[in-house]
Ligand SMILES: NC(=O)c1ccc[n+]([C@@H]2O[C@H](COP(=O)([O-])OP(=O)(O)OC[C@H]3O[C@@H](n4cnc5c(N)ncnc54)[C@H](O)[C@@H]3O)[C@@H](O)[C@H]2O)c1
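In structure tokens, one chain follows: the form predicted alone.
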């Protein structure tokens, strides 16, 4: 089958690799209908996260049809499914408390190091271990592109708002309007925030934030700190949602939040330390919430919101490209060419 593989720093390739096969009774094989290029893929692409084997199949966002299933897979052949970016057993302590991303038996799609791990889904097919507790059937009537996003970026954005305890009447600032940040805008609006100030400097992303219910704040034209202070009588935002994973974004988030407020961070931080000190956090009575999204827990309720048409994520998918053109897709996503926000790959 065709698949996107990691080669070296800033280099992926589309290659023919062996088809996946069932290795355990709980496995399923999914024929991929759609996968996506994610900001997390860029951490590997740019070498901010290291250790992945050359030749590893990339990708962790996918939707498709089950074409093979082991006797304990718990999902029927022919079922259209979406998957979170990690597998999960459903029964360990962390799964039981809803932290499925920290399952003791789970694995991240698209990460094989030293020959150990789970090949990814930017491919024509993918093996899914723990299929019974990992895969989520897609309800009839839900747009496949929208359902695809429930496995990662949409779930992560909504988790960011949840982890920040966004509530009715809050003034929220969102730092970074990539797919996750835009999903965080949508999540904050859905949770009843009175105002959602959406900070970025990319015109196309600012425009989409406005369509999703946010108030665009172009940091290249205005000072976000002044905008937030003006909006809050000088206090600062009740909650800041940080979706970048860069020290400058974390620094801005801490500056924007009010005393006693919360910064919720879902950006993947690879720097060795945070750009604020313990005494700054203490003096601001800061709550700093951070961590990986338990996408499996959020996927089903998000699919139900989509089924009921309570949220619209259609502005997020801006490009569709063949899997065979994935090298170009990585480059386009990396450069943000042509207003690129989210690229869907189709085998």
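Positions refer to the first chain, counted from 1. Keep in mind that this is a model prediction, so the values were computed, not measured.
Only in words, not in the display: the form predicted together with this ligand, which the text now covers.
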Of these, 74-82, 194-202, 129-137, 88-96, which stretch puts a heavy atom within 4.5 angstroms of this ligand in the model of the complex?
194-202
Of the residues 188, 177, 240, 123, which one places a heavy atom within 4.5 Å of this ligand in the model of the complex?
177
Just to confirm, with a 4.5 Å cut-off on non-hydrogen atoms, which of 214, 261, 267, 119 contacts this ligand in the model of the complex?
267
When the contact criterion is heavy atoms within 4.5 Å, does residue 181 count as touching this ligand in the model of the complex?
yes
Since only the chain is shown here, I'm wondering whether residue 219 would be in contact with this ligand in the model of the complex (any heavy atom pair within 4.5 Å).
yes
Is residue 292 close enough to touch this ligand in the model of the complex, meaning at least one heavy atom pair within 4.5 Å?
yes
Can any non-hydrogen atom of residue 43 be found within 4.5 angstroms of this ligand in the model of the complex?
yes
Using the arrangement in the model of the complex, list in sequence order the residues of 230-260 with any heavy atom within 4.5 angstroms of this ligand.
243, 244, 245, 248, 249, 252
